[in-house]
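Just the one chain here, laid out as structure tokens, in the form predicted alone.
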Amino acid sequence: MLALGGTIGAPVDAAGSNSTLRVDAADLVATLGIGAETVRLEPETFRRVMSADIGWDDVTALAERIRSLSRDGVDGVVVTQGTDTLEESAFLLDLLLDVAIPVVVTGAMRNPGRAGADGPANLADAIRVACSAEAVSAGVLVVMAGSIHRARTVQKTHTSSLGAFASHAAGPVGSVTESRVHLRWSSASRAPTWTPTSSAAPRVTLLRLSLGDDPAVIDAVTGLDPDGLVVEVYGAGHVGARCVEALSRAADRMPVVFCSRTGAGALYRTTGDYPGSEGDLLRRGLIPADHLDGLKARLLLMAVLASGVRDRVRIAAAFDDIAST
């Protein structure tokens, strides 16, 4: 069990607030009701940070640690972290890891010490999934509130609800009930993993379009010369006609991926054929993210670029591969 910090390890004080991450992996294990006859659990405090401070370097180092554990014969890995970036960390791990052992990410919505704290139950469920034969080669999974989600579909959808995590597109792929794991998905259609050739994180900007937005903002971002740009556009793949030239200028300089700001559903490819439509964006060289939201589209583009791929056709193929799994 690799602990990174977050709410699951941030107890509240007498006043009901928290300002410390003093709980480590061994402390978290001590809260569980799972006996040694069920699993031999080895806790490790990998990081002690809130999830907003987790970055590319932390996740790539975590992926390497999990590879090392897999080589050493560990049967499964559970990662605990804060929930604010949990969906991103889990998805990036899924893109980087090619191990067969189960890898399960979990956290908590309520701090230790609060009534109804959910961390112990989530951690116990995650351990049970990591021990499950059905989770072998299934890719990175997220377990929260008794539900099992694929890393590439899960989203945090609420600020504080215990049921904050959902997979809008297809729903959870399983559940944990009375210590029994029910998983309805396997590795049969997993997309390829990516191996960074450099430790440096690609600079990819995420930009969300909005009512009456100013194309000068797109030009300003382009002027910063990032390695790539992801644009959250309207509906099924539309932008205002006022923005198309700025997006064209950006696409001439870097890979530009567009995804829906709605957060769910696949982009159109052939329905609209007017300035700012999905057809227009495709002709201008923008790359469709299909069903990925902006957070995950950015991470996939970063993983592809970090692996040394710069060709637009190959980048587009990487997004098509994700769409088919």
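What you are looking at is a predicted structure, and each value in this text was computed from that prediction instead of being measured. For every residue, the number given is its place in the sequence shown, counted from 1.
Not on display, but discussed next: the form predicted in complex with a small molecule.
Shown alone here, residue 105 lies farther than 4.5 Å from the small molecule in the predicted bound form, counting heavy atoms only.
Contact check for residue 267: every heavy atom lies farther than 4.5 Å from the small molecule in the predicted bound form. When contacts are judged by a 4.5 Å heavy atom cut-off, residue 120 does not count as touching the small molecule in the predicted bound form.
Put simply, residue 70 is far from the small molecule in the predicted bound form: not one heavy atom of it is within 4.5 Å. Heavy atoms within 4.5 Å of the small molecule in the predicted bound form are found in exactly one of 280-288, 254-262, 294-302, 45-53, that being 45-53. In terms of contact with the small molecule in the predicted bound form, the residue from 83, 167, 222, 132 that brings a heavy atom within 4.5 Å is 83.
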